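One chain follows as structure tokens, the form predicted alone.
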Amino acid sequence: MKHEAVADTPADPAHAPRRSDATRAAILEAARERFAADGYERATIRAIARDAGIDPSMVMRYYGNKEGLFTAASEIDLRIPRLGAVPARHVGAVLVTHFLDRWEADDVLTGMLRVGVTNEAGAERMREIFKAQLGPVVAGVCPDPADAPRRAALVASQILGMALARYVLRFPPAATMSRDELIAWLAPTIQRYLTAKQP
């Protein structure tokens, strides 16, 4: 996708912050698309700058290097709902439904998953995101908060595994199952990981 060139040195200093924000947004959008399409290793600062319609030096100015740009481009808010207000028997279904909504509405997540399975930097970012955002949610509903990391890992294995099969590899029939079918199959497993007593 070609982005319009964004000037970063406006004649009117009063517009500098707004133009700076526009430049950053254009860079991040181009970076997300390029990382998703090419992976971390093949994506280049030059290609991302070209996609954003700016000079490569501007990318370096804002983000320092490809690693810094990737970190910024992969900042993802999973927007996990607070499960404490959900009846305990429904938390599995609520979480599965939420993640299906997120995967289907956000190409960045799918792009990050592609990078995560092919590159260690991408895998590390996915680990950080899920640990920081899913971990506390799981700790709030599981019987023993000390066991939350293990339960969160099991939940992530189901969520990410289905996302990989459905949205990246497009395994049949995972790619064509209805949402209701997916929820019916996955929710009981997620529910068990979240609330069942430890074996």
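Here the rigid core means the biggest group of C-alpha atoms that line up within 1.5 Å when the two forms are laid on top of each other. Predicted model, so just to flag it, every value in this text is computed and none were measured. Just count from 1 along the sequence shown to find any residue number.
The same protein also has a form predicted together with a further copy of the same chain, omitted here; what follows describes it.
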- Each of Ser20, Arg24 and Ala26 near a further copy of the same chain in the predicted bound form, meaning some heavy atom within 4.5 Å? no
- Task: Taking 4.5 Å between heavy atoms as the contact cutoff, choose which of Leu160, Ala49, Val137, Leu69 touches a further copy of the same chain in the predicted bound form.
- Result: Leu160
- Does Phe130 reach a further copy of the same chain in the predicted bound form, with heavy atoms at most 4.5 Å apart? yes
- Task: May I ask you to check whether Leu100 falls inside a 4.5 Å heavy atom distance of a further copy of the same chain in the predicted bound form?
- Result: no
- Query: Are any of the heavy atoms in Val94 no more than 4.5 Å from a heavy atom of a further copy of the same chain in the predicted bound form?
  - Reply: no
- Any non-hydrogen atom of Pro149 within 4.5 angstroms of a further copy of the same chain in the predicted bound form: yes
- Message: Can you list, in sequence order, the residues from 98 to 127 that come within 4.5 Å of a further copy of the same chain in the predicted bound form, counting heavy atoms only?
- Response: Leu113, Arg114, Gly116, Val117, Thr118, Asn119, Ala123, Met126, Arg127
- Using a rigid core alignment, state whether the CA of Glu41 is displaced by 2 Å or more between the shown form and the other one. yes
- Could you check whether the CA atom of Lys66 moves 2 Å or more between the shown form and the other one, using the rigid core for the fit? yes
